[in-house]
Structures are given as structure tokens and as C-alpha cells.
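In C-alpha cells, the next block holds one chain alone, the form predicted alone.
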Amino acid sequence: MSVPMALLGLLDREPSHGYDLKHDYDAYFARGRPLPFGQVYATLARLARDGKAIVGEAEPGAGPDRKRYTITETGKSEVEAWLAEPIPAEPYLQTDLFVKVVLSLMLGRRAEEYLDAQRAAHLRRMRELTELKQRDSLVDTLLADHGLFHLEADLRWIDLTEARLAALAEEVAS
């Protein structure tokens, strides 16, 4: 997740205060991992430094004075380019899951135990995501579906790998 691009995209909707940007980011993108205020303001400072956003004058508010941020034409162009660029479709071939299986075998440990533990962790997370889907928020449902599909693919890989462990153990032993 690109925090700078997400904040720029939110600014492209309308000028906003850092507090409001954090609130919107957390509501739409954070899902259990809220963005720290320090990261919001550090990112906004970099966006302003790089000419992608403009910082307005301090405005009095209910708490400390707030500054309204506005996206620049440079920032708008960057958001447009970022939105148009597809995410690389090629998956990473060196995932932690794969590395742990191979290292387990290389070190003479039982990779089956690791795979069983990973399967159980994935199934727990899938139950959590399924519960999240039942909250009737389309945003939550779509995010949960994305996670579920990835976990399902991992589970298929775990099953396939478990069926091939003997052959893989021979290959990595040589």
C-alpha cells in the first residue's frame, strides 16, 4: 500500500486537514492497522516539499490549529499515472512460506509440522475475514474477499507442497 499515493488520492477529492485525511485513510484502507498521526504529517510534509501538495495557513479549530492541504497539478498528474499503472501480475517467487518449507527440509526438520501450523493460521484468518464480510459494508466485503482468495491460493499451495515434500526434500538435500 502506498500511503503517499493514497493521501494524494484523498486530497484529489477535496482539500483536507491532516486529521480528516487520517480518518478517511483509516476508514477505507487501514483495516486494523490505523495510520499513525506522525506518519500522516510526515508524508504530507514530503508531498508539500516535492510540490505535490500545498499547505494552507493554520486555521483555528476545536483543538490545535489545523492546516488544510491541497493537491497541486503535479500531484494530480502523479495520482492519474499511478491509478493507470497496473500492479505487477507476476507473484513473488520467494515468499516466506516457500523459504520456511525449504529451510525446514534443509535443516532436517519436519516441514509437515510447519505446513500444518500455517494451514491452521490461514483457516483462522479465513474465519475472521468471513465474519468481517457479514457486517454489510461493501468495502469490508471486497477487502475480505481479496484476502480470502489469496489465503485460498496459499492453502492449495500448502496441500500441493505437502504432497511433494519427499521429492522436495531429496532435491534440496543434494
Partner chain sequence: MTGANGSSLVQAGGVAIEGRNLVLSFGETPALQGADLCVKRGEIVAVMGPSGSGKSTLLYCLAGILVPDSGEVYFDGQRLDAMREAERSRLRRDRFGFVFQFGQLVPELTAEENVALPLLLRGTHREEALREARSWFEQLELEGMERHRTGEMSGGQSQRVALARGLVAHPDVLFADEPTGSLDSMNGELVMGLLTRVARQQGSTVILVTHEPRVAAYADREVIVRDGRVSSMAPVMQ
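Quick caveat: nothing in here was measured; it's all calculated off a predicted structure. Rigid core: the largest C-alpha set superposing within 1.5 Å between the two forms. Residue numbers count along the first chain shown, from 1.
The same protein also has a form predicted in complex with its partner chain, omitted here; what follows describes it.
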Site test, Ser2, Arg13 and Tyr28 vs its partner chain in the predicted bound form, non-hydrogen atom cutoff 4.5 Å: no
Lys133 within 4.5 Å of its partner chain in the predicted bound form, heavy atoms: yes
4.5 Å heavy atom contact, Leu165 and its partner chain in the predicted bound form: no
is_contact(Asp20, its partner chain) in the predicted bound form, heavy atom dist at most 4.5 Å: no
Residue contact check: Ala48 to its partner chain in the predicted bound form, 4.5 Å heavy atom: no
Sole residue of Leu123, Ala42, Met106, Val139 within 4.5 Å of its partner chain in the predicted bound form, by heavy atom: Leu123
Which of 50-58, 115-123, 34-42, 66-74 lines the interface with its partner chain in the predicted bound form (heavy atom within 4.5 Å): 115-123
Partner contacts for 150-165, taking its partner chain in the predicted bound form and a 4.5 Å heavy atom cut-off: Glu152, Leu155, Glu162
Threshold 2 Å Cα movement between the shown form and the other one at Asp20, rigid core reference: no
Ile158 C-alpha shift between the shown form and the other one of 2 Å or more, rigid core reference: yes
